[in-house]
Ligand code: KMH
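Before any questions on how it binds or moves, here is one chain, the form predicted on its own, in structure tokens.
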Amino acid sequence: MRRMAENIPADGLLVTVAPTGAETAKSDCPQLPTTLDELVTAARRCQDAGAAMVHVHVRDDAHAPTLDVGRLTDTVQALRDGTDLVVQLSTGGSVHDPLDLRLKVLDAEPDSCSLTMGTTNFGDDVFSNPWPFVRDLYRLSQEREVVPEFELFDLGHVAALIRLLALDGLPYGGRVHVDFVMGVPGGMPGTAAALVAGVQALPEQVTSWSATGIGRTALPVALASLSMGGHLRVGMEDTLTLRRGVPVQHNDELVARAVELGALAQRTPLTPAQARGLLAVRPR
């Protein structure tokens, strides 16, 4: 693995918050931030709690997932106006979104985008990421100067990342940041053993990595990631309870818990400015 960016503390911890996602219905979880005002308020609270990047899914007026470019653009601008966070748009959308609409996400000019490295079973559905689409999206991110976060749902996705970098070179900015998404039914389990295997398989071009544990795997994955020097993604996209029978009321509760775990591991949350240096995000 290559060296961390200069002027980034060695004990720095990148906390990314994924506040909404595309799977949970507003009717089932009224506290989920789905309107633009709710999303910006949640992002501001999460920045105050220690987050440096926000991973964004957008909803329409009926609170359903949407990839409408106008809404995406307005959301990016509102988050930039209201916070200092690195704004990362999901190019996954929901599992039902067509590939052509997912490519248009970059028209909204985010700082960063997710880039999933392969198709995976996703509960009862299939999250489709065929190889030609992965390459098209990657080349588009290079052209638009958007920093990708390579999402890895399985060990095969690590192999696909190695192949992609060999064929198409480094991303914009020259840094390679990946996120292990663990505990999805159909993907890699949310265990320390699985994370160890994934990290050991990473190519040497990777400069930083984080891990996300879905549902009840959130804490085991977070602890394993911290023990190995990795970063964390948390949020109501991935976790709706703080503990058995205790629902999350606000995303900043999960961010604050991640920061507290980081403090036990003697890790200091990165500021948004430091996160930009870590990821080599284009200056605004």
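The first residue of the shown sequence is 1; numbering continues from there. Only a predicted model underlies this, so the values are computations on that prediction, with no experimental measurement involved.
This next part talks about the form predicted together with this ligand, which is not shown.
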Exercise for review: Considering only heavy atoms, tell me if Arg257 and this ligand come within 4.5 Å of each other in the model of the complex.
Suggested key: no
Review point. Quick one: is Trp209 in contact with this ligand in the model of the complex, heavy atoms, 4.5 Å cut-off?
Key: no
Review point. Is Ser112 close to this ligand in the model of the complex, meaning a heavy atom pair under 4.5 Å apart or at it?
Key: no
Review point. In the model of the complex, does Phe122 have a heavy atom within 4.5 Å of this ligand?
Key: yes
Review point. Going by heavy atoms within 4.5 Å, which of 154-162, 196-204, 91-99, 138-146 lines up against this ligand in the model of the complex?
Key: 91-99
Point to revise | Partner contacts for 48-82, taking this ligand in the model of the complex and a 4.5 Å heavy atom cut-off | key: His55, His57
